[in-house]
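Below you will find one chain, with nothing else, as structure tokens; this is the form predicted alone, and questions on how it binds or moves follow later.
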Amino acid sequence: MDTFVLILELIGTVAFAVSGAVVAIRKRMDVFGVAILALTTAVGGGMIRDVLLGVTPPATFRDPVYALTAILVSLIVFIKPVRHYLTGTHKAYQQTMLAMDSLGLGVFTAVGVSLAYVSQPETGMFLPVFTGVLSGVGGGVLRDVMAGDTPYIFIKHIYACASLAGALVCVLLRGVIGQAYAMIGGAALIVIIRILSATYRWNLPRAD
């Protein structure tokens, strides 16, 4: 299971690092800014999760693989042909952000739920769900704040609600089909909800 969680975390790290790098490039940051925003997006939610669970120092500081992966991804995205492909048009930018943000959100929500149970095996539903959502949305919120934007979570389609739905699926199915399949199911549900919400422009009611 440890290897499975590590693989999922690396997938989420790559996805969120791409989204952070793409936002930084759109904001015309230099290569250092691109690397920092990618790193913050990739590991921010995990750091919040670990602090909440009392895991200190956070995994990011105990194992450099996450930070190194995020920085390497940011440098690849910064290469001229790659960044032009990902951000050359508004449509390319939107598609890249949707795909990477949805994947990262799904993976880190599922991992957050799993690690909450590792930390507190006898806990009820609230802690794993809360930890999963915070783990999923935390990096994106930090990214948007550092980039000077209103956080995605408050304005774009169904975001935190998708994370909440996926976290609940992880918790409810854990005892039925096993932790690994529950994590995959929860993450997949989040990605599906995000794609459908973007496709059909589903949004929560907002103030006029």
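One rule holds for the numbers: they count along the sequence shown, beginning at 1. Computed from a predicted model, the values in this text were never measured in an experiment.
Keep in mind that the form predicted together with another copy of the chain is not shown, yet the notes after this line are about it.
- In the model of the complex, another copy of the chain sits within 4.5 Å of a heavy atom of Leu134.
- Put simply, Leu204 is close to another copy of the chain in the model of the complex: some heavy atom of it is within 4.5 Å.
- Taking non-hydrogen atoms only, Ala99 never approaches another copy of the chain to within 4.5 angstroms in the model of the complex.
- The closest heavy atom approach of Met183 to another copy of the chain in the model of the complex falls outside 4.5 Å.
- Taken together, Ile25, Leu37 and Pro57 are fully in contact with another copy of the chain in the model of the complex: each brings a heavy atom within 4.5 Å.
- Residues of 71-87 that come within 4.5 Å of another copy of the chain in the model of the complex, judged by any heavy atom, are Phe78, Lys80, Arg83, His84 in sequence order.
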